[in-house]
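Here's a solo chain for you in structure tokens, the form predicted on its own.
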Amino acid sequence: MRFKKLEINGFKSFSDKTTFLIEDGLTGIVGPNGCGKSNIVESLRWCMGENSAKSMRGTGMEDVIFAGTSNRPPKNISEVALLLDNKAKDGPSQYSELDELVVKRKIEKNKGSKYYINDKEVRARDVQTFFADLSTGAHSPSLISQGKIGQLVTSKPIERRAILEEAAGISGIHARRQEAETRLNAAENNLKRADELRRQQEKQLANLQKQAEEANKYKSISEEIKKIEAGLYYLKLIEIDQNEMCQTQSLA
């Protein structure tokens, strides 16, 4: 699988839709300082899942949207689409039946970014893993920028591991391992939280059981009191009847 075409629209200095064809062999872009050569590389990294605004030389991710000039109004949407050739069928297995793939990232002011693979919305993690399976990505050592060589030479051994993983073609496995570890940690935290909730529910259940027992005792005692009160009323009625009979007999 190889990169075939890059389309940029509203990204940084590219106000109008601009298409870059990546032909066989070596493709070069030549121009004076400030013409936007670095923006092309950054658009490629951004489309592949770069989430650091600082890496995009901005304070926020919306800074990648064309801000306007004295002659052109600002835009509200920025899009970058990358067309990949998969005729060799060496891409991820889920896309093996397709000859071409289009990975697109779109950002709109106050609405955030969205990713698409063949016009189907996907997660940022899906795009990052997709390119990791191709042994590339937004942070791939194969993307050489100004000062990158010196950084690689002076990097720590743990940082050089990314170069070896990419060369061995296991970047995707490493990315999936990180995602699996993240999910496992999240599941472990959820289990701990569930255990805490279970203990809280058990305490509440014990209190409710105690209250239920007290309510049952109150109910039984109330019934006994009602029976005793009914007996007293009955005895009083008998006493009243006897008094009335005695008064009647004395009058007679």
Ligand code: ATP
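Start at 1 and count along the sequence shown; that's the residue number. Predicted model, so just to flag it, every value in this text is computed and none were measured.
Another form exists, predicted in complex with the named molecule; not displayed. Remarks below refer to it.
Visitor: So which stretch, 200-208, 45-53, 183-191, 60-68, is the one near the named molecule in the model of the complex (non-hydrogen atoms, 4.5 Å)?
Guide: Among the listed stretches, the partner-contacting one is 60-68.
Visitor: Answer for residue 13 alone: is it within 4.5 Å of the named molecule in the model of the complex, judged on heavy atom distances?
Guide: Contact check for residue 13: yes, within 4.5 Å of the named molecule in the model of the complex.
Visitor: I'd like to know whether residue 33 contacts the named molecule in the model of the complex, with contact meaning heavy atoms within 4.5 angstroms.
Guide: Judged by the heavy-atom cut-off of 4.5 Å, residue 33 is in contact with the named molecule in the model of the complex.
Visitor: Though the partner is not shown here, which residues of 37-58 have a heavy atom within 4.5 Å of the named molecule in the model of the complex?
Guide: Counting only heavy atoms within 4.5 Å of the named molecule in the model of the complex, the contacting residues of 37-58 are 37, 38, 39, 57.
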